[in-house]
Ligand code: CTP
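Only one chain is included here, represented as structure tokens and corresponding to the form predicted alone.
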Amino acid sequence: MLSGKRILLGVTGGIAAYKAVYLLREFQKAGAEVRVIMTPSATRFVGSETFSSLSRNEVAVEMFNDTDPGESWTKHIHWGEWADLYVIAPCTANTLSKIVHGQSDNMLTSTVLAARCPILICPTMDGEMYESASVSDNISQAKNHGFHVLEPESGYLASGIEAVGRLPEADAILEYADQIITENRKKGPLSGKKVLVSAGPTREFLDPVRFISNPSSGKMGIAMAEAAVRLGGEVTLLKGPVDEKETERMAVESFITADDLFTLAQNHKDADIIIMAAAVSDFKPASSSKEKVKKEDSETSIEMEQTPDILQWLGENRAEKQVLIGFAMETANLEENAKKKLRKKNIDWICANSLTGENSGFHTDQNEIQLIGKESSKEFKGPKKEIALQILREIFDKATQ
């Protein structure tokens, strides 16, 4: 279950900080993507460059960054939203106390408060410290607050004594992390729901080597599918001809033409939630040659006909209590055109984005989406993988109100 998961690894200022380097590598070997947050004191034991090089991500240490103040101070919010699990290993007695009492005086503890995912604390310290009344009380309080606690092992400590206080081995931490993620998925708002997501372009062939299509990369649709998995959904991804790879566990069925996609959508029309993010060609050639058309034999005009309106068909044939989410790419009058599409197609929500936006488009990893419902509207900006999760949480938080 760790394959494709997003792990935040928090490292605090204890001698066991060096073991977090090995823990990072083990999470990566299991297929997880890892970002690291360090307390300032942790950098006295292991340099942040070590974690940055191995994780292939920047390491967050300070809440404020003079070189990029606009980005740094909100990182705890975005990273707390991004993660499937926040693992703090090692966690010193000092950081444990801060977490239990809600203090947020550094990036690591601020992210604890902002996190939307489960948090696993691995308290690690000298034996006498671990046995102290205040630490025992803080561990009990941490459990009562809903934090997961993996208590330390007994062994030879940095002080030279044999006692309880050692950071558990990486395989024990990974095993517990896997259990937490599995349990949390079962509690997600989409748990028990069948979710259908389409992504990528269609291709309408003139002959075996030429086709009409669009530049869709499938990035946003795949991000929506992965977000649905993270929220507990049983996801089937209908995937067009794109190079983008899905990282979460889901069923995948492929399509090429709009007719192919229409057939697949009909086969899954009873899904609890349908998200149509594919960029479907509105027209196709009225006829397609089985042989390559030679230049000297070709016509200068092509007779076209409409492809099936898949989203409208789904709206007209929707199942009871089914949630339908569509996408609209526009170059002008974004909100007006999106609202027309919402009404015409008989769907619940539409994700509207402009092709002319500075941080939106087909192949970019960023997007700017206006989520429009029948009674509400909200804007989302940021990496596609992050706003996909925010969009689904917004929709299904609304559904439960």
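Computed from a predicted structure; not experimentally measured. Residue numbers here begin at 1 and follow the sequence given.
Below, we turn to the form predicted in complex with this ligand, even though it does not appear here.
In the predicted bound form, no heavy atom of N94 sits within 4.5 Å of this ligand. K345 belongs to the set of residues with a heavy atom inside 4.5 Å of this ligand in the predicted bound form. The closest heavy atom approach of A278 to this ligand in the predicted bound form falls within 4.5 Å. Remark: D272 does not count among the residues lining this ligand in the predicted bound form, judged by a heavy atom distance of 4.5 Å or less. The candidate stretches are 327 to 335, 186 to 194, 106 to 114, 244 to 252, and the one lying within 4.5 Å of this ligand in the predicted bound form by heavy atoms is 327 to 335. In terms of contact with this ligand in the predicted bound form, the residue from G80, P308, G232, G315 that brings a heavy atom within 4.5 Å is P308.
Checked against this ligand in the predicted bound form, the candidates D137, E153, D282, D171 yield a single residue with a heavy atom inside 4.5 Å, and that residue is D282.
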